[in-house]
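What follows is one chain in structure tokens, specifically the form predicted on its own.
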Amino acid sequence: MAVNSYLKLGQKPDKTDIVSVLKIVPAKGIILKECVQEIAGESSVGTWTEIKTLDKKTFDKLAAKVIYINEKTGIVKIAYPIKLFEKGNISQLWSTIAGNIFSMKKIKDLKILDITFPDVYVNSYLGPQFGIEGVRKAYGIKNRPIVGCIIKPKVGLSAKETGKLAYDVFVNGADFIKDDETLTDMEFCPFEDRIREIVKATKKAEKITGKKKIFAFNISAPTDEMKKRARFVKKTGGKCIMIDVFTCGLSAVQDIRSDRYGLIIHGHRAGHSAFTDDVSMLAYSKFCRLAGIDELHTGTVVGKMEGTKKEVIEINKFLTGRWGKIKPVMPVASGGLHPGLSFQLVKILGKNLIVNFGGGIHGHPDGSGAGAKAALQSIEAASKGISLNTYARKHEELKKALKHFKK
């Protein structure tokens, strides 16, 4: 079977095809057209040489099709027949779309920019259990971003100290708090002790404020252990678990989602740059939505983490939009945020957002409680379209935060 049979330039993909958009830099002496045909073959029915075991009927039914090549930009599109994929199997999807192709000698550099899926494939997954509507209902918040907080220092506090800090932040205005991505079951802060202390603190804060409060407990571990931890969170009265989606793997996420614990799944993208240099965060966010994440870190634009305005807006637009029958995902902005950035952040990314403050709360000159108040005040101002400086005239905590973080 001649390799050029993969070329179907200008042909429209079938309605049920999965289409991958890639950017390719060929190795020295190799032309782009040769590269993309090799990728199409390697990721569908081909191999490095012609083989007698591949007949024309099988090739025509299962071969990937190269439908677009831009010689200037190196951007190409490959359409894959849906029969190449096992529905509902995210591992097999990943192995097909992004398997051996990154190891091919004829390619100097390769990045998957985007992947589009037909509804018939999307609907084979459970997707998020709660989605944006369910998440907002759980928080009891309709028309503004959710104010989040990360426990700081990242690690080092005992279970009791963490519970005390969580109460202080919750009672002063935060809607949501999460473990740091590196905090799991540590000698200085055992997982089960931490859950007990925080659930107790959360219930106390809810009783005092009359508002719903949610804490995301980091259950990241081998899958069996994650399940054990999720069950403990549920039994103890928690409402949300956090998974480091890149380090734990999407099959593990899908497995946790399939068990239907009735817990919001908060997806942290720790380590994403090790992957997203080769597979864009937009493409990976689609995998996360299929796997069943309810809340996903996507970037801040104005904070300390990478991600251009265009990239983050595109990711958030996808996560919050319609996609087959599965529910939308709540985007999370986290990393280097403080109250002085809230107006700009909300202007860029909108109100359908969880805004996570770490040092931006705990670094307040009057402590974490005042920091939580300032964070909420900044989000209230941004949601109402009132400048932070104007709002700060009647809100002392915000006023001090703006002065402090301006340094």
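The shown structure was predicted, so the numbers you read here are calculated from the model rather than taken from an experiment. All residue numbers are counted from 1 along the displayed sequence.
If you look for the form predicted together with another copy of the chain, you will not find it shown, but the lines that follow are about it.
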Among 198-206, 251-259, 131-139, 314-322, which stretch sits within 4.5 Å of another copy of the chain in the predicted complex, heavy atoms only? 251-259
Go through I348, A370, I30, V45 and name the one with a heavy atom inside 4.5 Å of another copy of the chain in the predicted complex. V45
Pick from T73, T236, Q92, T116: which residue has any heavy atom within 4.5 angstroms of another copy of the chain in the predicted complex? Q92
Are all three of T16, A79 and D179 close to another copy of the chain in the predicted complex, meaning a heavy atom of each within 4.5 Å? no
Applying a 4.5 Å heavy atom distance criterion, does P190 contact another copy of the chain in the predicted complex? no
Though only this chain appears here, would F275 touch another copy of the chain in the predicted complex if you measure heavy atom gaps against 4.5 Å? yes
T58: touches another copy of the chain in the predicted complex, heavy atom cutoff 4.5 angstroms: yes
P26, heavy atom within 4.5 angstroms of another copy of the chain in the predicted complex: no
Heavy atom within 4.5 Å of another copy of the chain in the predicted complex - qualifying residues of 124-152: K152
